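Next up: just one chain, as C-alpha cells, the form predicted alone.
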Amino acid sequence: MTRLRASYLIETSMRPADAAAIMAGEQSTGTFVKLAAETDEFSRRYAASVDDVTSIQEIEGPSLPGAGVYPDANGKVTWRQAQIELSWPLDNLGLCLPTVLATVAGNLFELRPMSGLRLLDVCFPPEFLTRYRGPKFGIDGTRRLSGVHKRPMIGTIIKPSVGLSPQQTAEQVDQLCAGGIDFIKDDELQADGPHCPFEGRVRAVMPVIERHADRLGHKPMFAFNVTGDPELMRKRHDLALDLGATCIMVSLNSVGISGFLDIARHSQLPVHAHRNGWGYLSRHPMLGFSFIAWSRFWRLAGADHMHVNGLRNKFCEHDASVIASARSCLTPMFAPPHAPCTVMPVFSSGQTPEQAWDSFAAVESVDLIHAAGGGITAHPDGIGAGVRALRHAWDAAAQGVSKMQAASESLELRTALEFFER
C-alpha cells in the first residue's frame, strides 16, 4: 500500500512513543474516545502508523506554554525531545495538496501532550506527479528566458519598497539594466497600490526592458508581483505576458496553497515564490516547519524560484539554516525517471557583494539568484556600479579568486566592500 510519510521533532512529558500514537490517531481514524467503528481491520486499513521513534535528549522544562504534564508511575515529570516518523495510507488523502497539508500539519501543533512540535520533512510518493507537475520552468527555463548561463543570476529588488511611481520605477529599472542586471523583482509590499498600480507599472517598465534587450541580445527578467485574489492574479499575469514580461511573483503565505495552485497552473511564465511571513512558521525551534518540509508543497505546486534568505542576513535565521534551505531547493524530490521538482534558490535579505564567496563555497552551485536591494542601490557610485560590483564578486568567487585580489582588480567592488563592511 502506497503511503505518505512525514517526520517530526516533538517535545513532551509523556513517553514519546505514546505521544506519537496520539498524533497518529488525531490525524487519521482516532478521536478522544474509542469508537465502535475502530475495529482492528478498520485501523489496519485507514489509521496512520508510527513508523519510528528516536529519542534525542531530556530537557529541563517545556519550550512552549500550555502543555499537559504527565508524571510517571513514581510521580516524576521528565521532558523529552524525540524525532518520530508517521505515515498514512495514500487512499486516506487522495492526490490533494491541501488535504496533505491538513493531515501532516493540522491539529498537531496544539495537542496538549506537546510542549513542542516541528514538521521536519514530508516524503511525497511519485503518484502525486500525476496531478501536480512541479515547476514548469525551473532552473533551465529561467536561464533560457533570461539568457544567463553558467553563472548566478545577479538580482535586485526595487527600492524603496513602496513610494515610487510607475515612471520612477521604470527609471530605476533603466539604471539597473544599463548596469547589467539579470533579474529584478517588485518588493512584496508593492502589488497594486493607488500610487503605483500594477498595470501602470508593467506598462512603464516593459518598454525599458525591451529597449535594453535589443541592446543586450537577451531580456533582463522582471518578476511582477501579481499577489491578490485568484481572478486578479490571472488578469495581472495575462497583462504582464501580453506586454512581454518573463516572470511573475507571488507571496505564498498571502495566497495560500489553493490560490498558488490556481495561478501556477494558469501561468505561462516562471513563478517567483516569495516566502514573506516565513518567521511565524519557523522562528521557534520547537514549533512550525522546517523549510525543507514547507518548500516541498510549493515546489510540487509549481514554484520555479524560492526565497531562502541569505548569509549574514538582516533577520534572525542562522547561516546553516539558509544553506540547508538552498541545497534542498537543488536536491530532487523524486528519483528518475520522475520529474525532480528542483527550483532555483533565491538569496536575499541584507545581501551585498561581501556574501558572494561564502555563498558559493557553501552551496557549491551557480544555479541561484543572488538578490541585493540596498546592496546594489546604495552603492556610493550609483546603481550601475552596485550591479557591476555584485557581478565582479560572483565571477571572482566562482573562479577561485580571493576577495582581496578581486577588490584590487575592481574599483566598484572595492568601493562596495569598504562601504558595506563599515
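Residues carry their position along the shown sequence, with the first being 1. This is a predicted model, so every value here is computed, not measured.
The form predicted together with another copy of the chain exists for this protein as well; it is not shown, and the discussion that follows is about that form.
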message: Partner absent here, but in the predicted complex, which of 333-341, 253-261, 211-219, 238-246 has residues with a heavy atom within 4.5 Å of another copy of the chain?
response: 253-261
task: Kindly indicate whether D229, W278 and G375 are, all three, within 4.5 angstroms of another copy of the chain in the predicted complex, using heavy atoms.
output: yes
field: Partner-contacting position among L300, M233, I84, M206 - heavy atom within 4.5 Å of another copy of the chain in the predicted complex
entry: M233
query: Exactly one of F198, F347, F289, F137 has a non-hydrogen atom within 4.5 Å of another copy of the chain in the predicted complex; which residue is it?
result: F289
In the predicted complex, R133 touching another copy of the chain (heavy atom, 4.5 Å): no
query: Is there a heavy atom of L64 lying 4.5 Å or less from a heavy atom of another copy of the chain in the predicted complex?
result: yes
query: Do A105 and another copy of the chain share at least one heavy atom pair within 4.5 Å in the predicted complex?
result: yes
message: Can you tell me whether M114 touches another copy of the chain? I mean in the predicted complex, with a 4.5 angstroms heavy atom cut-off.
response: yes
task: Give, in sequence order, every residue of 157-171 that has a heavy atom within 4.5 Å of another copy of the chain in the predicted complex, or say none if there are no such residues.
output: K159, P160, S161, V162, G163, L164
